[in-house]
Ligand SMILES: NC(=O)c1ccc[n+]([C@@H]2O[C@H](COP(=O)([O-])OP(=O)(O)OC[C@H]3O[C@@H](n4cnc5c(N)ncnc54)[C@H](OP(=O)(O)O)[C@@H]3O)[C@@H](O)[C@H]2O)c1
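Here we start with a single chain on its own, the form predicted alone, put down as structure tokens.
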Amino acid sequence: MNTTVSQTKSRNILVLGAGELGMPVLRNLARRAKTIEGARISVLLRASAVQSDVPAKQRDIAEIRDLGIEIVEGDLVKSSVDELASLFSNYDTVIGCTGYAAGINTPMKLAKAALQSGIPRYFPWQFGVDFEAIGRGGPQDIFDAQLDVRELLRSQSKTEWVIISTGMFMSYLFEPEFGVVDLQNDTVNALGSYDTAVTVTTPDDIGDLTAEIVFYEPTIANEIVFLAGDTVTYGELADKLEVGLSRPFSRSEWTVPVLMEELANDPQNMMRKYRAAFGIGRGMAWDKANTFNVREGIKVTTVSDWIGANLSGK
């Protein structure tokens, strides 16, 4: 833990985005805010999302309003840094939950706006792997952009920052497009080797733990906080699938040279960038024993739990 003593409190919070991670973060912030005097939550959404007639979007908007969360309309892509800074300055804490869909340059744009706004506390979109352990120049250039954001935040002392490292979203590990778990052929394709490890956490758990971190006493400041639903090797993943689904799984290794060759043949392919980076394995996993959730005794979903809840019968 960081030894810096902070007097900052998050009471007027703006969340950027209400997608796969944003919704769980909003739900849990709203839940925790009920127990904290003066705490209120707002969310920044595009006007098109608020007015959407897509049923899933309408359900999310209705839930947000039912939670007592104020909706603020804005556009992170179209707005300038000055415009965003002016908007952010109405809050004491901004939490980025937009992911990479807004573009590789958006995390830096938001960080610049956060610092320019003078807000006391900023949680950047860094809900992922250990970018510093990975280092620069790896297969996934988005990771370098995230390191740029960290350098910017560390270069100043006016705005306190908190980075939450979660590993991969747990469901992504089972996405057919990612290719690691092939349920149709009962195969696990190990990225790198069977002994390569990956840390994974569900968005629901990230939302719960993020709310705990935001309101934690003493205030967490200028620190990278590690979470983990589970840390498993690809070999262990195959074992857990066999136990959870009561059938054998064959195992295949997609070695780093093969993954790098595939990327070289299609250098802009985002999936191949991710596979190569996870295959190298550096910065993709950490010991669950040293995480915030274990230290605080907060129960989270494990890989076996997820398999039982989502794959039984498949």
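Keep in mind that this is a model prediction, so the values were computed, not measured. Residue numbers run from 1 along the displayed sequence.
Note that the form predicted together with the named molecule isn't included here; everything after this is about it.
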{"item": "Contact assignment for the named molecule in the predicted bound form, among Leu183, Ala145, Leu76, Ala221, heavy atom within 4.5 Å", "value": "Leu76"}
{"item": "The single option of Ala102, Leu87, Ile71, Leu152 touching the named molecule in the predicted bound form, heavy atom within 4.5 Å", "value": "Ala102"}
{"item": "Interface segment, criterion being heavy atoms within 4.5 Å of the named molecule in the predicted bound form, picked from 235 to 243, 121 to 129, 222 to 230, 152 to 160", "value": "121 to 129"}
{"item": "Triplet Arg31, Pro107 and Gly207 all within 4.5 Å of the named molecule in the predicted bound form via a heavy atom", "value": "no"}
{"item": "Non-hydrogen atom contact Tyr172 with the named molecule in the predicted bound form at 4.5 angstroms", "value": "yes"}
{"item": "Contact flag, Arg251 vs the named molecule in the predicted bound form, heavy atom cut 4.5 Å", "value": "no"}
{"item": "Any non-hydrogen atom of Thr202 within 4.5 angstroms of the named molecule in the predicted bound form", "value": "no"}
{"item": "The named molecule contact at Thr98 in the predicted bound form, heavy atom, 4.5 Å", "value": "yes"}
{"item": "Neighbours of the named molecule in the predicted bound form among 133 to 167 [non-hydrogen atom within 4.5 angstroms]", "value": "Thr166, Gly167"}
